[in-house]
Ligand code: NAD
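There is one chain below, alone, in structure tokens, taken in the form predicted on its own.
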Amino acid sequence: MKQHFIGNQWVAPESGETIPVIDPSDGQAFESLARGNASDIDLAVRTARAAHEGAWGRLSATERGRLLQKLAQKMFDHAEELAQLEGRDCGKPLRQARADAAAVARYFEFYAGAADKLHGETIPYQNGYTVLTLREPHGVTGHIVPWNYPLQIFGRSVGAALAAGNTCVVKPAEDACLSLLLVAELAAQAGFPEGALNVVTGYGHEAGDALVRHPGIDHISFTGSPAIGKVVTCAAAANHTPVTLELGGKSPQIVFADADFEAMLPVVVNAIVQNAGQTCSAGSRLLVERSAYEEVVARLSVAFSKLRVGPASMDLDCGPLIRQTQLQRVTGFLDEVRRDGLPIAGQGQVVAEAPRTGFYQAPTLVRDVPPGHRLAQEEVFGPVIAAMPFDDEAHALRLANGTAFGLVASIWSRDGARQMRLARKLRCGQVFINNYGAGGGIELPFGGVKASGHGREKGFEALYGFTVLKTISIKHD
């Protein structure tokens, strides 16, 4: 059994209960986790508080940065071990798992360099006064990390929080904890003071709920569904705890007739197939100018037919979904598509070697999807893309902004003026022009509007969210 990691030690769950760890590639249990509860969370929070008021809090920003850099190097050194854990735990093809392992190390490398560059300001004020601002850590921050990108989301939130001077209590999703437990162990080996970084495993309704309600938590970072985001916000509000939310998306890729189709097509495919479509920023809606619609759909149909799905170890185009209930959710959408007579224009194939007990869904392209259809409005969180035509820029903009979400969008066009007109009018947190995702973009602020959440992670901007601004006014004349 994998225990909690609290105060640089493995700690057994107070209840003595465990949670099975399921391999999505074959549906079989291969490990077990500690089933944390409120008592385990309380121990972790008290341990983190002691570290913040003690050894971690006494470190200078430069010293924190050096420790983050040591951890980054350890993650680079253990990258293959992290990738193997992530691949088996999440069902990711190994190339994706390896990219995630490299990314988490790079996050800590980035925030190591940023730790001593988080400056305050001086403010011109009345004669006889000097006014300055300081950026101070919240204290103890809680992090609820989802199962789709545990390493990457840990890196972008915990890395920034630690760099800003906070201590952290992390509750990973019960579906994917193994890589983060290893990272916590590596942090202890890198010399992190006891209690600076703590990981408690367990179910969301038990350990997660206890974390967001704990009065000793000074800030919550949550990545997950809009529905649970509301629950987290309401629970945290009882203690006036600020919350950063990165929630769902229904992100559009807007393709004009003048786009470079050769460059666009593989990017569009990857944006929905990566991680089996289980990505908040997945490009799940394809909006194509009507004059180019048939050509683009035909090309995509061919591309989708070549996609292969199988176990993580086979390192194919697409791995399994995380669990049986997620597979049922995705197939439910596709059942509705068929009932409503929407054409399936292209579909990949699950390879014969894939175990029948795994959670596999072939990538699917659905064309002529009405803008109000559930497939065009709700997050599937699977490898399904909805294609629809548009007539002009105004129509494209209405379609793109016409959902409850606002996370990411892309524009494919050679017209520079059009690119900027649309980019400024799209209601979302990131816009990519003639690309999608910018290779991960560790340095690029990330977050949404509307039902996609609020606050920003990644890049230097994340450090502001993990600090409190204090104003000091000195009267000297």
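All residue numbers refer to positions in the sequence shown, first residue = 1. These figures come from a predicted structure and were not determined experimentally.
The following text describes the form predicted together with the named molecule, which does not appear among the structures shown.
| query | Thinking of Ala345, Trp412 and Ile433 as one candidate spot, does the named molecule come within 4.5 Å of a heavy atom in every one of them in the model of the complex? | reply | No residue of the spot touches the named molecule in the model of the complex.
| field | Contacting member of His138, Arg299, His78, Arg323, with respect to the named molecule in the model of the complex [4.5 Å, heavy atom] | value | Flagged contact: Arg323.
| message | Exactly one residue in Pro193, Pro242, Pro226, Gly216 has a non-hydrogen atom within 4.5 Å of the named molecule in the model of the complex; which is it? | response | For this set of options, the contacting one is Pro226.
| field | Partner proximity in the model of the complex: Val158 to the named molecule, non-hydrogen atom cutoff 4.5 Å | value | Close contact is absent here: in the model of the complex, Val158 is far from the named molecule, nothing within 4.5 Å, heavy atoms only.
| Is Ala386 close enough to touch the named molecule in the model of the complex, meaning at least one heavy atom pair within 4.5 Å? | Taking the distances in the model of the complex, the answer for Ala386 is no, it never comes within 4.5 Å of the named molecule.
| field | Contact label in the model of the complex: Phe222 to the named molecule, heavy atom within 4.5 Å | value | Yes, Phe222 is a contact residue.
| Taking heavy atoms and a 4.5 Å cut-off, does Gly208 contact the named molecule in the model of the complex? | Gly208: yes, in contact with the named molecule in the model of the complex.
| message | To test your reading of this chain, name the stretch in 150 to 158, 392 to 400, 86 to 94, 300 to 308 whose heavy atoms come within 4.5 Å of the named molecule in the model of the complex. | response | Of the options given, it is 150 to 158.
| request: Just give me the residues of 144 to 179, first to last, that have a heavy atom within 4.5 Å of the named molecule in the model of the complex. | output: Sequence-ordered list: Ile144, Val145, Pro146, Trp147, Asn148, Ile153, Arg156, Lys171, Pro172, Ala173, Glu174.
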